[in-house]
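In the form predicted alone, a lone chain appears below as structure tokens.
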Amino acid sequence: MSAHPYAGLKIVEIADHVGGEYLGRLFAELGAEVTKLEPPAGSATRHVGPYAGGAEGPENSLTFWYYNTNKKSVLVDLASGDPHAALVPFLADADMLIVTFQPGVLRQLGLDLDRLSQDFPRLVIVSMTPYGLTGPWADYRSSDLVALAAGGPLHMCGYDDHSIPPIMPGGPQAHHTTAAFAHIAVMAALIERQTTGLGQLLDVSMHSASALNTELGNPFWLYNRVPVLRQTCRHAQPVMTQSPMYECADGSYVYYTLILADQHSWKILVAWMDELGMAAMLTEPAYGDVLHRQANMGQIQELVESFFLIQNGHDAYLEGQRRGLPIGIVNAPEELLDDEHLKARGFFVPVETDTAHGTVLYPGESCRYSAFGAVERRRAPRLGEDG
């Protein structure tokens, strides 16, 4: 095994939200040296709960713990004195700067990103803001929820009951989406630098990133001029579709998308149901025709619901998979730690917190490289621990 994917890459992070911190973490977990510059009171996420052991404080925020593993923390007060002079020691040999200040805050601090680009021509500067660095909305306040609403994804998130307003999905989806786009942009900028020797300023907008992440909403509108409708636990579509969640005998649920037009899957399902005496009229020749199945979807759905109700969820999931059907068991968050597949692949990795909480499990890497060694996960830094 050789060095880590981003070994030798030096990154300076000035991030006051989880999107910028997530981008820094993506690089840190793959071997980059990420130095997080924090104000004397610490980054904003140090003051976001919940807190380890319920003890509120900048060293106990689980949000900060999650988004800042494998980083260093250095105290720098950009609000006092010359921010450019304060950054020179860190940017002199840095490859990349992550900064999440909106234009108004940059002006207030006296921090000029174009000047930084001129002073450090090899530096790749990644600006991650709600609406970008220019335009009439550049200084509008936002949040993950606002970004999802303004960008479009929130229209597709919620339940079958449309008297209930759209529901914000779990986790900071807009911030994560923006970080993913920014990660790709940085790769292109670093490749370009190999040719020109020059860095550049990347203006990444959370609003734009969210607008490019609307699943089926855009194609249905652009091609057919029809809006999609939010649906419980399934993709938004122009028409309501059947539920893919089936309750089982033990109270658990399996997730199975019944696609009537898929003749192969249909035959497998009917044969399985017939073996358990639950196929009823579905074995009749008429049901071999997709149009007949579509016309009788209600009856079919009731039979499939009954079919899963006589089985335990885990057994149905394994048997369905054995037969080649895309069925999954629905786990509660706490059950994921015992998921047999994730355990076998060692997905959750132990991280020593150096606190009374000892070692805790973190979600591990999403990609494994055959030519690179794995990066050991380290706890998030204490405030100013490295300078």
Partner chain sequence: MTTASPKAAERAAITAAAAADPTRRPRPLGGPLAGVRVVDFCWMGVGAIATRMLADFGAEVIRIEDSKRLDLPRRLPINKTAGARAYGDEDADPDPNAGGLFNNFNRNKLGITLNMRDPRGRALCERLISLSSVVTENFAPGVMERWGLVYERIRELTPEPIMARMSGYGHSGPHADFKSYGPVVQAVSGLSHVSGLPGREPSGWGLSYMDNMAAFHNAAALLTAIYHRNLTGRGTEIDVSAVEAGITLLGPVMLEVTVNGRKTRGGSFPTGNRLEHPPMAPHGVYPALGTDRWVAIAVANDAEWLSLLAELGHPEWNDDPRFASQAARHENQDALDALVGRATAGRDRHDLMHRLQQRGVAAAAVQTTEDVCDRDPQLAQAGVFFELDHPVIGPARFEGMPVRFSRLRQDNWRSAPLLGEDNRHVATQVLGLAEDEYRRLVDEGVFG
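Residue numbers count along the first chain shown, from 1. Quick caveat: nothing in here was measured; it's all calculated off a predicted structure. Take the two forms, find the largest set of C-alpha atoms that superpose within 1.5 Å, and that set is the rigid core.
What follows is about the form predicted together with the partner chain, which we do not show.
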{"property": "Exercise: residue 39 in contact with the partner chain in the predicted complex, heavy atom 4.5 Å", "result": "no"}
{"property": "Residue 70: touches the partner chain in the predicted complex, heavy atom cutoff 4.5 angstroms", "result": "no"}
{"property": "Any non-hydrogen atom of residue 134 within 4.5 angstroms of the partner chain in the predicted complex", "result": "yes"}
{"property": "Contact test in the predicted complex: residue 384 vs the partner chain, heavy atoms, 4.5 Å", "result": "no"}
{"property": "Segment assignment from 279-287, 301-309, 74-82, 220-228: heavy atom within 4.5 Å of the partner chain in the predicted complex", "result": "220-228"}
{"property": "Three-residue site 168, 173 and 185 fully in contact with the partner chain in the predicted complex at 4.5 Å by heavy atom", "result": "yes"}
{"property": "Partner contacts in the predicted complex for 236-252 (non-hydrogen atom within 4.5 angstroms of the partner chain)", "result": "236, 237, 238, 239, 241, 245, 252"}
{"property": "Flag for residue 109, CA shift 2 Å or larger between the shown form and the other one after aligning core", "result": "no"}
{"property": "Rigid-core frame, C-alpha of residue 290, shift of 2 angstroms or more between the shown form and the other one", "result": "yes"}
{"property": "Post core alignment: residue 165 C-alpha displaced by 2 Å or more between the shown form and the other one", "result": "no"}
